[in-house]
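One chain comes next, on its own, written as structure tokens: the form predicted alone.
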Amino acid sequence: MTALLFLLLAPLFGGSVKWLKARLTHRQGASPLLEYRNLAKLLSKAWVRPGLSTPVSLLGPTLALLGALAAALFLPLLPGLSFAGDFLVALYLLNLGRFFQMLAALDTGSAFGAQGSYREGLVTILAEPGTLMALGAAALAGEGLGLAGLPVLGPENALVLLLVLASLAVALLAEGARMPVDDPTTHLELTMVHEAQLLDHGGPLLALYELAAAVKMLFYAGLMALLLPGPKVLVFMGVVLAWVLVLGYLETFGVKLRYLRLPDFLSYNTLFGVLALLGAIWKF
């Protein structure tokens, strides 16, 4: 059920960020619902893969979306799967999709695809340890070591969970390829990370990539909603709205970091994760 909710909400999330960015620059902007029409138009086109590529280029976008949707099944926002350690399975389902996405970009034989795969692989390696430690800390502070047993923010665990939320916020920016880690609107060779992998894809393949990126960001927003008090679905919608505002302002008034500065920024994710884990163990 959560996966279906994410799939339906993903175009609205992306369209709302674009609309807000337009309004902040004094433009009228297209309706947030326009993304549904754009995706329908892309999906209605023929399935064409780059010349000389293998079926891997078709498999990559498909598994990127399926991996993100499968990870969403473990989020207990709505009835779904739950067991001890399920957050590890969910994170590695996301990474499985990313792995095939990088393979598909390499399979095109394009220099841009190889460049984007290398850069995105480095971002993943830098962001993964902090995210795992942060979720491990939250699981230790809760019951059952699963996503369904995560504690909610309160006076007794405020410091640990605030560190976990900070780590997840950095992870969302990295996984979603958003500012300051990546610029989703850039077409400059020197700054492209995620977009470089998509240059040789179009039609339904591009639509699957766009959906997968939005579902991954909703997944991290869902993780953050689990740690906040209140009815989970309503809290989730509030977190998504907050991220629309954050991304709109960040991508209008912020700048993308130089690629060589990304390790410095992503080290905060690891730092927050380590501190949260120490806090959960020593209960401070």
Partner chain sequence: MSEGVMVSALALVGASLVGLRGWDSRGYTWLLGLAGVGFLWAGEAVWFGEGGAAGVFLLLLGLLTLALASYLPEYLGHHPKEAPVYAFLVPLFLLAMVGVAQAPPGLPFLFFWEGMALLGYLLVALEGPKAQAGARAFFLASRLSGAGLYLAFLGQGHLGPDWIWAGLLVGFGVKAALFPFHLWLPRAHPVAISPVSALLSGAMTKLGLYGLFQAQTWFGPPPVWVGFALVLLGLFGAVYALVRGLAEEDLKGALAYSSVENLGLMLAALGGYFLTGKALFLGAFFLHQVGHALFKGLLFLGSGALSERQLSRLGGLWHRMPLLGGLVLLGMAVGAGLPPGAVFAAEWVLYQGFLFAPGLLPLGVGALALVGALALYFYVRLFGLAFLGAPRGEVALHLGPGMRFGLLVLAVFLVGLSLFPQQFLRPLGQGLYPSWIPWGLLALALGLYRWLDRRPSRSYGTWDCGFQPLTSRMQPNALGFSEPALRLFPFLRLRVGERPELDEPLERVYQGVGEGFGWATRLVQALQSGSLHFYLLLQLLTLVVVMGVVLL
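This is a predicted model, so every value here is computed, not measured. Numbering follows the first chain given and starts at 1.
Beyond the structure shown, there is the form predicted in complex with its partner chain, which is absent from this document and is the topic of what follows.
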Give me the residue from 106, 179, 165, 148 that has a heavy atom within 4.5 Å of its partner chain in the predicted complex. 106
Contacting member of 254, 229, 238, 55, with respect to its partner chain in the predicted complex [4.5 Å, heavy atom]: 55
So in the predicted complex, does any heavy atom of residue 31 sit within 4.5 Å of its partner chain? no
Could you confirm whether residue 8 comes within 4.5 Å of its partner chain in the predicted complex, counting heavy atoms only? no
Although its partner chain is absent from this view, report whether residue 62 comes within 4.5 Å of it in the predicted complex, heavy atoms only. yes
Proximity of residue 224 to its partner chain in the predicted complex, heavy atoms at 4.5 Å: no
In the predicted complex, does every one of 81, 129 and 200 come within 4.5 Å of its partner chain, counting any heavy atom? yes
Testing 42 to 50, 211 to 219, 230 to 238, 244 to 252 against its partner chain in the predicted complex with a 4.5 Å heavy atom criterion leaves exactly one stretch, namely 42 to 50
Heavy atoms within 4.5 Å of its partner chain in the predicted complex is the criterion; list the residues of 109 to 141 that meet it. 109, 110, 111, 112, 114, 117, 118, 121, 122, 124, 125, 126, 128, 129, 132, 133, 136, 140
